[in-house]
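There is one chain below, alone, in C-alpha cells, taken in the form predicted on its own.
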Amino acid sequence: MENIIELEQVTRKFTQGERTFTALKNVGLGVRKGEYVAVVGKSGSGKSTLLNLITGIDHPSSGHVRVNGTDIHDLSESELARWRGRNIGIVFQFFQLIPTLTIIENILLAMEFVNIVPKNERRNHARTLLEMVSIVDHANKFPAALSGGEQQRAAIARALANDPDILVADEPTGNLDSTTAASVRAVFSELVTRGTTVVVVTHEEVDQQKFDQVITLQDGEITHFNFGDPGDERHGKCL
C-alpha cells in the first residue's frame, strides 16, 4: 500500500539575524491511508514544524514532501490553499472557532471556502458532523457558550467539513480535563475506523492508546518509530 504522507530527507531551517536554527534534520517517514499516528517529543523537538510541513503551512528548506499524491510544495500559495481545503482538516489546541459565528455557521463557512459540498446539502452535512461528535444540540450556540471539550469537538467537526482524507491535530487535548480528553480521543479513533488518516501531536503518554505509529522527535530528528503491527514490513525502519 502506498503512503498517503511521505517525507524524504526533509530539513527545515529558520534564520533569525545571524543565527540559524535547524528545527528538523533529514526527516523521513511514511504514513499509510487510515493509519492513526502520534508524534511525540519535548517542547522544541520539531513536532509542530513537522505538522506545518505536512499541511503545507510551512515549506521545507530541503527535501521532499508528498501528501495524498501531490508534491505540495510545488504548488503556488493559492493552489496550496485550495489543495489544503480539499485534502486536510486541521484541529488546533486552542480551537480557533470564530466567536461571532454559531457553531454550525463555523462549519458552513469552512464549506463555503472550498465549495465541494453542494450548497443545498451543506446544512444537513454540518448537522451530521455535529451528531458524530455528539454536540448537535449546540449547533446554534456561539462558541463562548460551550465548554472547552465541546469547543474542541466543534473544531473537529469543522475540520471534517469537506470530508478530507487526512486530519491533523496539534495538541488537541492539551487544555482539556482527562475525561473530556478521552472523549476527544474516542472521536479520533472512530474517524480512523471510517478510513480517515489521523496524525496527532501530543505530550500525553501513548503506550495505552491504539496508534499504528508512534514517531518520537528529539532535537529535530526522528529517534524512534514504533509500529502497532510487529509484522509490518516497515517495522524499525526510518522511511
Partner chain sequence: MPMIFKKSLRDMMIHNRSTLVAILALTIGLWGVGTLMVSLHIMTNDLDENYSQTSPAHISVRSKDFNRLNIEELRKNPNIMAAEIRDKSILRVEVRPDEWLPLWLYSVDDFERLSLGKFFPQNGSYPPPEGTIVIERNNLLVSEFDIGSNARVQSRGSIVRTEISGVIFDPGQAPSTQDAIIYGYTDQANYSRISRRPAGQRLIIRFADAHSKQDVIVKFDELSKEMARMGIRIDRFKIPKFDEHPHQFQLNTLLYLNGVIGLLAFVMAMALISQLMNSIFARQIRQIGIMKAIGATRWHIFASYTARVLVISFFSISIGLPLAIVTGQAYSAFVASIINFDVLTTQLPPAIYIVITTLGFVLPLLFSLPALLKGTRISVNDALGDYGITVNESAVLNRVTSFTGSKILSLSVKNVGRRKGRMIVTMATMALGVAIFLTGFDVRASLSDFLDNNSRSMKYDIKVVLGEKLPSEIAMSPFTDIEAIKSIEGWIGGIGRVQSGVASTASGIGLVVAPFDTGLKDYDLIQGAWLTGSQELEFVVNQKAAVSFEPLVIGQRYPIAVGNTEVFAKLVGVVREFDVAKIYLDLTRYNELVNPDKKINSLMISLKDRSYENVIKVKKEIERIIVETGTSVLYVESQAERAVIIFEHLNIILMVIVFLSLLVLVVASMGMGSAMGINVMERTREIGVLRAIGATPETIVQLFVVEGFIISVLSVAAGLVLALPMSSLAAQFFGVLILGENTPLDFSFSEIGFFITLIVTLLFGYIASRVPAKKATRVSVREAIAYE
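Positions refer to the first chain, counted from 1. Keep in mind that what you see is a predicted model, and the values were worked out from it rather than measured.
Keep in mind that the form predicted in complex with its partner chain is missing from the display, and what follows is about it.
Residue heavy atoms within 4.5 Å of its partner chain in the model of the complex occur in exactly one stretch of 26 to 34, 179 to 187, 192 to 200, 52 to 60, and that stretch is 52 to 60.
Contact between N120 and its partner chain in the model of the complex is not found at the 4.5 Å heavy atom cutoff.
Using a 4.5 angstroms limit between non-hydrogen atoms, Q96 touches its partner chain in the model of the complex. Put simply, A110 is close to its partner chain in the model of the complex: some heavy atom of it is within 4.5 Å. Among heavy atoms of M132, none comes within 4.5 Å of its partner chain in the model of the complex.
Contacts between 158 to 173 and its partner chain, taken as any heavy atom within 4.5 Å in the model of the complex, involve only R158.
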